[in-house]
Ligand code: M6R
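Listed next as structure tokens is one chain, alone, in the form predicted alone.
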Amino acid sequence: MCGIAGYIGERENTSEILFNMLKHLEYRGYDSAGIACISDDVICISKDKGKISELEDKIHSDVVSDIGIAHTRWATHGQPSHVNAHPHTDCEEKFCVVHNGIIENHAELRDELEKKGHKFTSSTDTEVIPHLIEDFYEGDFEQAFVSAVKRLRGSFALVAVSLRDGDRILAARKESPLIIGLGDGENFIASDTPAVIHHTRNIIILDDFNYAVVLRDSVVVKDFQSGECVKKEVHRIDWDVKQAEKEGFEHFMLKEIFEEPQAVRNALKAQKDVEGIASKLAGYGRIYFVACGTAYYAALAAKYLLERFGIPSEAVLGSEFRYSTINSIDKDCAVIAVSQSGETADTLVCAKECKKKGAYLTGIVNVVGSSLTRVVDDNIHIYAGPEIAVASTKAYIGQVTSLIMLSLFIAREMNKIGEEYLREMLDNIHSVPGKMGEVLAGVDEIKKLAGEYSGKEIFFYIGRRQNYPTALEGALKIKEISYVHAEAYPAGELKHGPLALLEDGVPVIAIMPNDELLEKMESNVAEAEARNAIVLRVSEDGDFRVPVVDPLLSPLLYITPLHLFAYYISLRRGLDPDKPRNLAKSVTVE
């Protein structure tokens, strides 16, 4: 969801600092952006709709200021427009706010404030916040801010400045991520680490119900319910700054696809943690996976793998789990929550509800210190590094790698496989990065295929067993960044309805590892070809050629060419694959 930035310090080029911070947060929202700086007892606001790269001349002003806040928006309430862009102010423009999340009682609050004479200019839920602060203000900015925050229902990360007290920034968090970067004589506020890494590696992560008073040389964190001070751990960001840069690639997505071999290696670093957690999971009679989007497909692949070993499990979408599966959760259950960001709202809420039910919780997470990591009992970090493109690629690979390892160790603990087979499979996983490198070396052939099929408006993806999730992931990627209609099906389901949609020239991408179901896949392909569909095979000798790999590991290797295919289809259609319309990287609202 939306990106938030804030700066207070000794430098007087705050607008430039904030603009550059927003550039590193644009994956969180890019339909509008704005900056507010305090200068000469005035809040100077520049904002408009559009991507940040399109707005530099409009919002990158030369205002002399040492304090300000900024925002890049992913619209929820109110369409993208100049008026709806953040920051928002009160009636007298004395208080200014940026916000990520959803204020569920905004209509009620707006009605209440309008009856008191407050005038609103936008259709956003956010605008009620500065008006609430104005309404509560009696000479103390902090007290008015906290009083306003207590009136809000829903999720929020919000940051505010005031002409009444221009030497501080106030920030609060409930269910939406917010961090504070600690500098020397200056401090930074952001919704994610890429915004601050160029300035500092030391961060404080706000928890739910925290609010912070941020000055140039100090940060005080309190609980906005009790008012008590909260002692916060300072985290050190240890990844290379270059990981958040394109490093010569045209887009972050292409760079991250080429980082997929390293994503496997990085996930393997957690093998010892995986083994220990597997020994705990093996003691539970029921194992559930909960995740959303791409992470759900990784979880679904793990469900199929556990079932191959005779271990029952279930994978459920977070948005459904909370309202159905949660009723079946108790202390005899283990729940594995999968999330790249560790901030995915639906997954996070499910984890919290499972915790209340007494279930054992494991997180498969990329972002160290994220909200999910602080809810679960144990964590498996995939160590993929920052993933900037909205469409997840290398993080998916990291998740699948970790989940395959976890499934193997659980199977060993439950005596479903032997030690020799386990070691053989682990050796095979170590060979996958080299095989991915072979796929990436054949990028020109994939470009050629993309050129041939970029004009198609419908694609079908089919796979069986653990490669049905591969089909889902391949279809999702081409939908996300190319805006074509793509459907994924278990291959055996074609004859139960979808064949009616196949006709001359419709591409069907068939994921065909060399396993015991290959003959059945060939029959499904024949069904499609009999309807004059164009079948593109992902196989050892197919249109998308992949090296020989153990079929159990095919979900790791077979998705790489499909990620590339979606990327180059998007380019051929003249689109920006890093910033697909209507989408944001981390979905922190329901």
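Start at 1 with the first residue shown and count on from there. Owing to the predicted nature of the structure, the values given are computational and were not obtained by experimental measurement.
Here the subject shifts to the form predicted in complex with the ligand, a form of this protein not shown in this document.
Exactly one listed residue, out of 410, 152, 206, 295, brings a non-hydrogen atom to within 4.5 Å of the ligand in the model of the complex: 295. Checked against the ligand in the model of the complex, the candidates 480, 256, 192, 125 yield a single residue with a heavy atom inside 4.5 Å, and that residue is 480.
When the ligand is considered in the model of the complex, residue 97 lies well away from it, no heavy atom lying within 4.5 Å. In the model of the complex, none of the heavy atoms of residue 197 sits within 4.5 Å of a heavy atom of the ligand.
The ligand is not drawn, but in the model of the complex it has a heavy atom within 4.5 Å of residue 391. Using a 4.5 Å cutoff between non-hydrogen atoms, residue 399 counts as a contact of the ligand in the model of the complex. With the partner left out here, the ligand still marks one of 425 to 433, 278 to 286, 469 to 477, 504 to 512 in the model of the complex; by a 4.5 Å heavy atom cut-off that stretch is 469 to 477.
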